[in-house]
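Shown next as structure tokens: one chain only, the form predicted on its own.
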């Protein structure tokens, strides 16, 4: 969701803000802008469209000054337009603000402010905040912000500057993530670490209901009552190399190609001899052995990983497991008892719906295990225990390497639980671990065939509908393959459980609809072949993901993508890789923006 940057120091703020926004554009955006205090006056430059448009505006009309805030907007209230782009200012242009989140009571606040003669320029919920600050201002910047946030319902990360206080800026967090960076004679605000990688290694993570007042040489922290608090300084471990595209054209392709190394790294970190290690699990075995039910709640790609987690946990640990979509879990008043563990899965650790589900569980005194890719995130901090998926920064909006890292982490956690529960014998655990250790090289074999998959994409990129079919362990793979294709190519695509396909959706089949069938060797292989034959008999155009050496499947297929052989339960890790590549190359050939697909944000930080 939207990107926020802020700078105060001795460098030209314009250049610092643009570089920061460039590093945050992966979050998804439709407009961009900056506000800079230049010779005592707030100057705003903003525009709908890509950052290059803003860059051209600033080249034609540069702004001097060494304090400013910047923003990339992903529209919620009010469509993408220059007037709705951030920053927003008050009636007298004495304050400027950028905002990530949603103000739920903005309509009531706006009505009251209009009655008090405030004039609004945009359709956004954000603009009410800056008018409230104007109305609440009594000469004290912090007090006016404290009074304002007490009137806001919803989630928000804010960066604010004022002509009245040209030597300071204010950062506010409630719900939406925000970071303060510390430099030498300069300080920073950002909504995510990549914006700060080249600027500082010293940061503070704002927690919920915290405010920072920032000058060139000092950072002070307060709670929402205005009481000063102390924060612990952290160090950034991410390097510039991890957040650039290297030799690849797109982040998505880079991240697909990184997957063999990611899985190998997880194996090295998590497996020592015959032991599976989770150093931040923070649950003792006496608690874990008593767990009688697990509820996994997640959204999007993480939900697909959760569906596989159900297979793993029930198969290895014999614990009843349910999988909920986070946005539904919170509102269905789930029946949860004391022996239940809730698992919250999120790449960013900032997914609003998943955080809400986590808090719903904790409100019922249920323990939560977070599985995420950011150990400084809200989910990591608020969970009772956490598993780091160790995928490294994922910049492409469509998740690839984080998905596989989630699946591998769930697989190892399930083996760990199976051992604790005595549901698996040591020799079984060793067999599964040994098979997992072969997976990185097998993923490498698949990504090395990317040119073959690119040629296949050439034949199908102009189709407008796709269907993906899978069974057992691979119906979540079908869901994930369909999601990847629709996310980045804008092709209508749907995943189905293959056995359910004949109960209605088979009516969609004709010669113009490619059907991607996942039919690698396994327990239900023959059932999957029968489903393929049902599609073929209705003139379906069939692409099959099959195990190397399977010649029989060619009789029922128009195209076959072969993957290396592995045990059935690990096949989803391999089978998703060619689907990622197929989606990537189809989107590329359709001229789509692969890393920043329209209407999407990397992390959905609002409900």
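Positions refer to the first chain, counted from 1. Note that this is a predicted model, so its numbers are computed, not measured.
Beyond the structure shown, there is the form predicted together with a small molecule, which is absent from this document and is the topic of what follows.
- In the model of the complex, the small molecule lies farther than 4.5 Å from every heavy atom of residue 125.
- Taking the partner from elsewhere, residue 414 is found to have every heavy atom lying beyond 4.5 Å of the small molecule in the model of the complex.
- None of the heavy atoms of residue 162 is located within 4.5 Å of the small molecule in the model of the complex.
- Under a 4.5 angstroms non-hydrogen atom cutoff, the small molecule in the model of the complex lacks residue 192 among its neighbouring residues.
- Scanning 383, 377, 259, 347 against the small molecule in the model of the complex with a 4.5 Å heavy atom cut-off leaves one residue, 347.
- With the partner omitted from this view, the residue of 72, 351, 100, 477 that lies near the small molecule in the model of the complex is 351 [heavy atom within 4.5 Å].
- Residue heavy atoms within 4.5 Å of the small molecule in the model of the complex occur in exactly one stretch of 107-115, 87-95, 398-406, 507-515, and that stretch is 398-406.
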